[in-house]
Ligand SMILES: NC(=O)c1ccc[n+]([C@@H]2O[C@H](COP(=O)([O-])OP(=O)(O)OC[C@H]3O[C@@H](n4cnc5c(N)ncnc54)[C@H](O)[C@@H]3O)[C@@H](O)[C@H]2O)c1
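Here's a solo chain for you in structure tokens, the form predicted on its own.
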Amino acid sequence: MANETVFFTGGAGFIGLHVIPMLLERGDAVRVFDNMTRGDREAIAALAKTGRVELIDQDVRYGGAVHAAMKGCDRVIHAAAVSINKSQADPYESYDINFIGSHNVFAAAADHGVKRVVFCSSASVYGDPKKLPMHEDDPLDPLTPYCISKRASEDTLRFYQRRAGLSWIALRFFNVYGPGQKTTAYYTSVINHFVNRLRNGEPPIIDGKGEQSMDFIHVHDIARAIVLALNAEQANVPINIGTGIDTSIAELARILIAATGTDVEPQFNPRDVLVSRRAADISRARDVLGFEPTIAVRDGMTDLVNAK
């Protein structure tokens, strides 16, 4: 199962830099395809010294470049995307990268006959859930260009499955956090905002009553799920990747207060929230991937605070 070449779009980003060492450990070579808008060039250069990681500094919006670069690759991880907040500010760019870019990757994968495409999708395809935990067969109601393009990309995978026998797994990530995270997503900016205020001896400010919740999943576990999906026997399904536990923003604040050792109480700021609660049903991840989350939120957040 190892000693293959993995084509990895967006591989120089936050998640990619946690996945690539796992791929190298099992003997794979990695061809990173990234326009380096948010990529870490220094980290990729260090990985390239292994002789098994190469960077192609290009953009998924250019189908010809994707097709040419994928030649000779065995498996594909597609993670390149514009963030959810940026997608609302610029829907045109979001659809261009997140949907047209995805189509370019999937079409090339079908043409080249790759063994598996692992697509980094999102729990945001569900919209505001009607029940918890959220299951893969629940209705989808994406609310932003980012979410809409993730859903449309999953549909496009099914098209190439029917048309060319493409084998795929779409991983619906819940709220990813961990070392190296960016602050572009709402929930990661919340973590950083809380930590920065606590470091200054200031109380965290919570939107609403703090009852809204997230299913925080550590990037190490996300990376494990991606690697498991590359070789899973069953395919052609979306799979939730979370912990199955919803952590309220108020509880997150308490965890971070304890981790920083600060003697403050959170302050509350009335505000409407887009999604009230989130928690993943991860039974399919267990069945198809043999996946279990390994890092509890309290432990992961504490490590994140100590690492900053």
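Quick caveat, the model's predicted, so the values are computed rather than measured. Heads up: residue numbers just count along the shown sequence, starting at 1.
Not on display, but discussed next: the form predicted together with the named molecule.
| task | Among 56 to 64, 264 to 272, 249 to 257, 277 to 285, mark the stretch whose residues have heavy atoms within 4.5 Å of the named molecule in the predicted complex. | result | Answer to the contact question: 56 to 64.
| task | Using heavy atoms only and a 4.5 Å cut-off, determine which of Val190, Val76, Ala108, Ile97 is in contact with the named molecule in the predicted complex. | result | When the named molecule is considered in the predicted complex, the option within 4.5 Å is Ile97.
| said: Just checking whether Cys147 would be counted as a contact of the named molecule in the predicted complex - the rule being heavy atoms within 4.5 angstroms. | reply: No, Cys147 is distant from the partner.
| field | Contact flag, Thr37 vs the named molecule in the predicted complex, heavy atom cut 4.5 Å | value | Because a heavy atom of Thr37 falls inside 4.5 Å of the named molecule in the predicted complex, the answer is yes.
| Can you check whether Ser122 is within 4.5 Å of the named molecule in the predicted complex, heavy atom basis? | Judged by the heavy-atom cut-off of 4.5 Å, Ser122 is in contact with the named molecule in the predicted complex.
| said: Using a 4.5 angstroms cut-off on non-hydrogen atoms, would Phe174 count as touching the named molecule in the predicted complex? | reply: Judged by the heavy-atom cut-off of 4.5 Å, Phe174 is in contact with the named molecule in the predicted complex.
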